[in-house]
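Next up is one chain by itself, shown in structure tokens, the form predicted alone.
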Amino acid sequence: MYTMRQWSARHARGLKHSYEWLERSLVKLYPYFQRMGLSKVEQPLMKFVEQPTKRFLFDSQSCGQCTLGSTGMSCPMNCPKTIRNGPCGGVRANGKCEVKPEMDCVWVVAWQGTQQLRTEQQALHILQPALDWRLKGKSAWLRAAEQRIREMKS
């Protein structure tokens, strides 16, 4: 998993384009999902598609509040301290984690990933709200599609 996390940050641009395509597809399918019942769609989507894909590519912790698009395709929940708004004060000079010295700090990897995105480097500086643990295990993809639909309506 650790190797795939680093690979994903190095290929953040292509993965971001794939993610945007997926979001557009989910926005188009969202009315059908609503008719079927979102609760009936969310569990299989999460269990069989979203969670395995994100677990493999990003070692995602399925927090339900995905920030991959603004963190260079590096899941901040992989931080042993679960810090979502930048590195802690213990990042070593070589970019390694203070808690797990064999691991690169997820925020160093995030910075490298945002360098691949070029246009989104400022997104890394967006302050993330506190994690809502009630959303853990829920589909961030469906939530993103719902948010996009709301934005399009306003």
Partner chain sequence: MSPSLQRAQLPPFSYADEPPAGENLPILPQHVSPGRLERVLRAGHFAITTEIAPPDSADPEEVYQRARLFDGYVDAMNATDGSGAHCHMSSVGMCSLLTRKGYAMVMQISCRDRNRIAIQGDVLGAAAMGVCNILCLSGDGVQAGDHPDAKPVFDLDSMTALQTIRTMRDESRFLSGRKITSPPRVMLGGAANPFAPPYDYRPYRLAKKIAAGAQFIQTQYCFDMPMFERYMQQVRDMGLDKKVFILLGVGPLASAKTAEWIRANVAGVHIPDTIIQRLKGAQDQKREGLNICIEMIQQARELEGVHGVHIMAYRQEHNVAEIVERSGALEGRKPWYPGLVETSASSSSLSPATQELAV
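Residue numbers count along the first chain shown, from 1. In this text the structure is predicted, and so the values were computed from the model without any measurement.
As for the form predicted in complex with the partner chain, it is not shown, yet the points below apply to it.
Participant: Only one of these stretches, 41 to 49, 25 to 33, 56 to 64, 107 to 115, has heavy atoms within 4.5 Å of the partner chain in the predicted bound form; which one is it?
Facilitator: Looking at the other structure, the answer is 107 to 115.
Participant: Are any of the heavy atoms in Gly95 no more than 4.5 Å from a heavy atom of the partner chain in the predicted bound form?
Facilitator: Flag for Gly95 set to yes.
Participant: Taking the partner chain as it sits in the predicted bound form, is Ala144 near enough to touch it, meaning that at least one heavy atom pair lies within 4.5 angstroms?
Facilitator: Heavy-atom contact with the partner chain at 4.5 Å: absent for Ala144.
Participant: Determine whether any heavy atom of Gly69 comes within 4.5 Å of a heavy atom of the partner chain in the predicted bound form, and answer yes or no.
Facilitator: Looking in the predicted bound form, residue contacts with the partner chain do not include Gly69, since no heavy atom lies within 4.5 Å.
Participant: So in the predicted bound form, does Leu135 come within 4.5 Å of the partner chain, heavy atom to heavy atom?
Facilitator: Because no heavy atom of Leu135 falls inside 4.5 Å of the partner chain in the predicted bound form, the answer is no.
Participant: Taking Arg84, Cys88 and Gln128 as the candidate spot, are all three within 4.5 angstroms of the partner chain in the predicted bound form by heavy atoms?
Facilitator: So, yes: the whole triplet contacts the partner chain.
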